[in-house]
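First, one chain by itself in structure tokens, the form predicted alone.
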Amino acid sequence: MSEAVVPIEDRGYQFADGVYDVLKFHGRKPVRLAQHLERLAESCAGLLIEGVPSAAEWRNIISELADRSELSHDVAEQTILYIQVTRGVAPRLHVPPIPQPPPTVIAYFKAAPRYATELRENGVAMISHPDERWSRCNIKSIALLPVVLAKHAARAAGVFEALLVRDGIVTEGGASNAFCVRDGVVFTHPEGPKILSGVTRGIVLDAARRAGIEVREVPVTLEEFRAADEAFLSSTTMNVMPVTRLDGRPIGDGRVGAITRHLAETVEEIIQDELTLEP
């Protein structure tokens, strides 16, 4: 077919009954493909979606897609792979049919976003925003309307990202994991249903171990986050992004901190090391 189409009764379209994942590629080398595929499988299992490709099948799909997309072998060329799996096409009833239909699988490459050097040098601004998502945020669901509204609020305020807050506790960014630094210690919300445990979040934790920096995965209040010495975000598309302002006030002295810079550099080193080993 010359164009991809989505049937009207696809449950992803009708119910947001599906999951997704986003991976970064350097040339044809993915960053932590195994971890992304594991998370995708866990998300599908969490929504009881049946018949999804196995990890080995996904690797074949991605390889064929890279060939068809004529993806460059140059590791300096960065792209994003978007994957989406829905429960498939069925009459519009809330209860899925038995047996379930074959899942609808979508995957495509697009250019990776580029972030201005000044953002990494000077840091970005955020606003706090109520975390209005459902209670199973560890599932990477395509039902993203609360995040869409949080992003709208951030844009209206003229800032980079929204910092989500639930019951006074900072959970994560609208499309990122959030960290703050207090007295040389890095704090981030623990894994569980209140956050999506990002693959790049895992690289940040690896970077901290490599650098000998203490990390505490504990809940942090909004006031504690505001009073931090440093703050930063992590995600697949941007790796580490420093945060220097929150709700119109500076974080620490309003400049990118030494620990944030060191972790950002170490994350890049880890990724480059792993790309060298990736066949």
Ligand SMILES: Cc1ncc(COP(=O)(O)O)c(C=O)c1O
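A residue's number is simply how far along the shown sequence it sits, counting from 1. The model shown is predicted, which means the values in this text are computed figures rather than measured ones.
Below, we turn to the form predicted together with the ligand, even though it does not appear here.
Enquirer: Thinking of the ligand in the predicted bound form, which stretch from 52-60, 228-236, 66-74, 209-217 has heavy atoms inside 4.5 Å of it?
Expert: Every other range fails; the passing one is 228-236.
Enquirer: Counting only heavy atoms and a 4.5 Å cut-off, does the ligand in the predicted bound form sit next to every one of Lys140, Gly173 and Val199?
Expert: Looking in the predicted bound form, the three residues Lys140, Gly173 and Val199 all sit within 4.5 Å of the ligand (heavy atoms).
Enquirer: When the contact criterion is heavy atoms within 4.5 Å, does Tyr20 count as touching the ligand in the predicted bound form?
Expert: Residue-level check for Tyr20: yes, a contact with the ligand.
Enquirer: Give a yes or no for Asn177: in the predicted bound form, does one of its heavy atoms lie within 4.5 Å of a heavy atom belonging to the ligand?
Expert: Residue-level check for Asn177: yes, a contact with the ligand.
Enquirer: Indicate whether Arg133 is a 4.5 Å heavy atom neighbour of the ligand in the predicted bound form.
Expert: The answer is yes: Arg133 has a heavy atom within 4.5 Å of the ligand.
Enquirer: Which residues within 245-267 place at least one heavy atom within 4.5 Å of the ligand in the predicted bound form?
Expert: Sequence-ordered list is empty.
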